[in-house]
Ligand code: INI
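Next comes just one chain, in structure tokens: the form predicted on its own.
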Amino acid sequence: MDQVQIFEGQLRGEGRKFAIVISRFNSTITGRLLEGALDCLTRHGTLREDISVYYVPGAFEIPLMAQTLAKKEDVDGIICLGAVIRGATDHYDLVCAESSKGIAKVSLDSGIPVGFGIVTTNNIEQAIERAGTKAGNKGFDTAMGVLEMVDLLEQV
């Protein structure tokens, strides 16, 4: 029987450069996401001097900065962090949809792993849970996904 080839990315940050794009809006949440992402990257061998952090006003602005970095910077991966909490208007739905589509487009257009670490929640309590309490830290999780994809793409 023929052997199946299996490819899987490893969590290796040594010698790799990463950019983190983070929203200032809801900074109590996004600050915790940033801590998680930095913890993940450094825990897996990325040097702190190989990590750049770019602050943008809100989640809607994240894709443009990610696209600019993908074109201009020498980065292996981009981690996008934000927090969008549902309010009384349709603004939540628009920001969530456009930021997620924009981030996906940057990744597909550039060929660089771009992680979606924007928590989208109904209330502040859910956001807090996803920023390091009950539901883990989505910043850490997003950084892990980007690390894995960087390594996997190098194998292909």
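Heads up: residue numbers just count along the shown sequence, starting at 1. Predicted model only: the values in this text are computed from it and were never measured.
The same protein also has a form predicted together with this ligand, omitted here; what follows describes it.
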Would Ala59, Ala83 and His91 all count as contacting this ligand in the predicted bound form, using a 4.5 Å heavy atom cut-off? yes
Quick check on Val95: any heavy atom within 4.5 Å of this ligand in the predicted bound form? yes
In the predicted bound form, is there a heavy atom of this ligand that lies within 4.5 Å of any heavy atom of Thr46, even though the partner is absent here? no
Examine Gln67 and determine whether its closest non-hydrogen atom to this ligand in the predicted bound form is within 4.5 angstroms. no
In the predicted bound form, Asn26 touching this ligand (heavy atom, 4.5 Å): yes
Tell me the stretch among 105 to 113, 31 to 39, 51 to 59, 122 to 130 that has any heavy atom within 4.5 angstroms of this ligand in the predicted bound form. 51 to 59
